[in-house]
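The data below hold one chain only, encoded as structure tokens and taken in the form predicted on its own.
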């Protein structure tokens, strides 16, 4: 099979925001307790954080992590997770039917984020919470001192403000499953008023309003339109969420899921531009795709899960090699929209639909999806280039015609990187690169993620079942193995 990718130095989509490679930690299952935090673990540090997990997170170069939810945040009192740990209340956590011990809250999480080398993307409770609660949390985190909540932070041992700059105005508020579910009109008004007092407390912050929980919502489109009518002037981003899974067992169709993400982004961007036009605004609304991943393996098991436990194993998908290919395609799609999508969060980071898994008291390891995410985060920097892909395609019932090649190019600091997925389940692909305007290119390396077994997984016993290896490129003629993820790194050597 042959394919061609054409790109030109002058045809730039946009600057790639480092925050495109964000992630998410929710008080759900073992994401926090037994994930990032396990004080009795042999590798726990002085605050109880697992050092093996921290090292795996650092290797991903995650710049920002959304916290503390997710559905969890809509019933959360942030003050429960501050101050003296011995006095913190245990709560019945209604979103996930668990017991929340509050041994980790914003006091601890902001320190974990610092040790992991990332920023916090903080969500406020707009389910059961109020405008006043949102204002108080910003004051606690960011106000220097001399007020009730900033002095409470200082009394809790944190003299300097946390300096959290990015805030989510609730979570999935259009979902009937959400605690405090609201109509678009109700949420838009509340988000507008919360945004005003939050920015009065700290004018430097940026705010993300809730878009639809997913593109299949009955109110999708109408929700975005009404919410933006209400709070356009106050917010800086609109959120998108989407999860994918091979429920039918059709791998070829599953690997076309990035086409759905592409259409979703284009639709939301169009709605934003419609509101921009009718408001006669000069502002272009940026997008925050702050929940995305493959999620389906654990669904049936989770239905049988025992309720009201502390940190029960929930949403613990064991990711296959084909899931890694799908994640690679989704990453490429996010890069194709680098001009509008300026924040994205792989949901989540540890144990809960995550690239990193742990055993309580035991090992930590990288799942299959860890590798394409790490490669994109490390090498997908600088500017995304608009590419023309010429290749064959195959027909699917769900996504229509799906091209065999999914690819994008990025240029940064004297390097050109091509990310490519060969979706063919049967044939290797000879890729012709027509890259104009760069002069001579020298291959640095071709990284490939391949496996004969599409259902292969990494486990504690076999953590290296699916790991990257050297690809088959000779010179400038890449060969992409059947069903493979590829990273082609070139040094721009001049003319």
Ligand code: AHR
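Residue numbers count along the first chain shown, from 1. Bear in mind the structure is a predicted one, so any value in this text is a computation, not a measurement.
If you look for the form predicted together with ligand AHR, you will not find it shown, but the lines that follow are about it.
Problem - Proximity of residue 367 to ligand AHR in the model of the complex, heavy atoms at 4.5 Å - result: No, residue 367 is distant from the partner.
Exercise for the section: State yes or no: in the model of the complex, is some non-hydrogen atom of residue 296 no more than 4.5 angstroms from a non-hydrogen atom of ligand AHR? Expected result: Looking in the model of the complex, residue contacts with ligand AHR do not include residue 296, since no heavy atom lies within 4.5 Å.
Problem - Any non-hydrogen atom of residue 291 within 4.5 angstroms of ligand AHR in the model of the complex - result: Contact with ligand AHR, yes.
Practice task
Indicate whether residue 422 is a 4.5 Å heavy atom neighbour of ligand AHR in the model of the complex.
Solution key: Taking the distances in the model of the complex, the answer for residue 422 is no, it never comes within 4.5 Å of ligand AHR.
Exercise for the section: Run the contact test on 70, 96 and 315 with a 4.5 Å heavy atom cut-off to ligand AHR in the model of the complex and return yes or no. Expected result: Yes: each residue has a heavy atom within 4.5 Å of the partner.
Problem - Heavy atom within 4.5 Å of ligand AHR in the model of the complex - the one residue of 108, 322, 339, 172 that qualifies - result: When ligand AHR is considered in the model of the complex, the option within 4.5 Å is 172.
Exercise for the section: With ligand AHR left out of view, choose which of 28, 431, 53, 62 has a non-hydrogen atom within 4.5 angstroms of it in the model of the complex. Expected result: That would be 28.
Problem - Stretch in contact in the model of the complex with ligand AHR, which is absent here, among 269-277, 220-228, 324-332, 345-353 (heavy atoms within 4.5 Å) - result: It is the stretch 345-353.
Handout entry: Partner contacts for 233-249, taking ligand AHR in the model of the complex and a 4.5 Å heavy atom cut-off
Key = In sequence order, 241, 243 come within 4.5 Å of the partner.
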